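Single chain ahead, by itself, as structure tokens, in the form predicted alone.
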């Protein structure tokens, strides 16, 4: 894996756009592989959650250095809003559903968002404390 890390660093320096494409492709391949496994095993979690857990485990065990995925992950996070635009447009096609179940949907979205934000904040806090404890 050190060789992979060295190659990715070299690629990032010499050809940053190619490195970005390779890293995004690697992340997409991990997602696709995990999604295929989850569907084949009929697991009750989405493939994307399995892929996230796998990438997190690989990063935590330092099998994959964070610099090997940083450029691609940064790009995905920066442009993530663009991935939601088709979903917003699809909502307008279901206005009757929104009129009849709109309040329940909004409550579910708000509660889900609060739960995700609280969980993310808790995990970031735990990771930060763990990293500080490890640095001592």
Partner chain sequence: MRAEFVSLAWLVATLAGYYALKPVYRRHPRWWTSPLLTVPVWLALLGVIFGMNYPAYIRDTHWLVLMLGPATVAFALPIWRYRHVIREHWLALALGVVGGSTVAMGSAWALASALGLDDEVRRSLVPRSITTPLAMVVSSDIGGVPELTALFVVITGVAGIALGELLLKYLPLRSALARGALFGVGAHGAGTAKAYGIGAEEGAVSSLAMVLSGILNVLLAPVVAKLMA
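Since the structure is predicted, the reported quantities are computational estimates derived from the model, not experimental observations. Numbering follows the first chain given and starts at 1. In this text, rigid core is short for the largest set of C-alphas that superpose within 1.5 Å between two forms.
A second form of this protein, the form predicted in complex with the partner chain, is not displayed here; the remarks below concern that form.
Undergrad: Give a yes or no for residue 38: in the predicted complex, does one of its heavy atoms lie within 4.5 Å of a heavy atom belonging to the partner chain?
TA: No, residue 38 stays farther than 4.5 Å from the partner chain in the predicted complex.
Undergrad: Since only the chain is shown here, I'm wondering whether residue 104 would be in contact with the partner chain in the predicted complex (any heavy atom pair within 4.5 Å).
TA: Flag for residue 104 set to yes.
Undergrad: Please check if residue 94 has a heavy atom lying within 4.5 Å of any heavy atom of the partner chain in the predicted complex.
TA: The answer is yes: residue 94 has a heavy atom within 4.5 Å of the partner chain.
Undergrad: Give a yes/no on whether residue 52 approaches the partner chain to within 4.5 Å in the predicted complex, heavy atoms considered.
TA: Within the cut-off, so yes.
Undergrad: If we check the partner chain in the predicted complex, which of the residues in 108 to 127 reach within 4.5 angstroms of it by a non-hydrogen atom?
TA: Counting only heavy atoms within 4.5 Å of the partner chain in the predicted complex, the contacting residues of 108 to 127 are 108, 109, 110, 111, 112, 113, 114, 115, 116, 117, 118, 119, 120, 121, 123, 124, 125, 127.
Undergrad: Taking the rigid core as reference, does the Cα of residue 109 move 2 Å or more between the shown form and the other one?
TA: Passes the 2 Å threshold, so yes.
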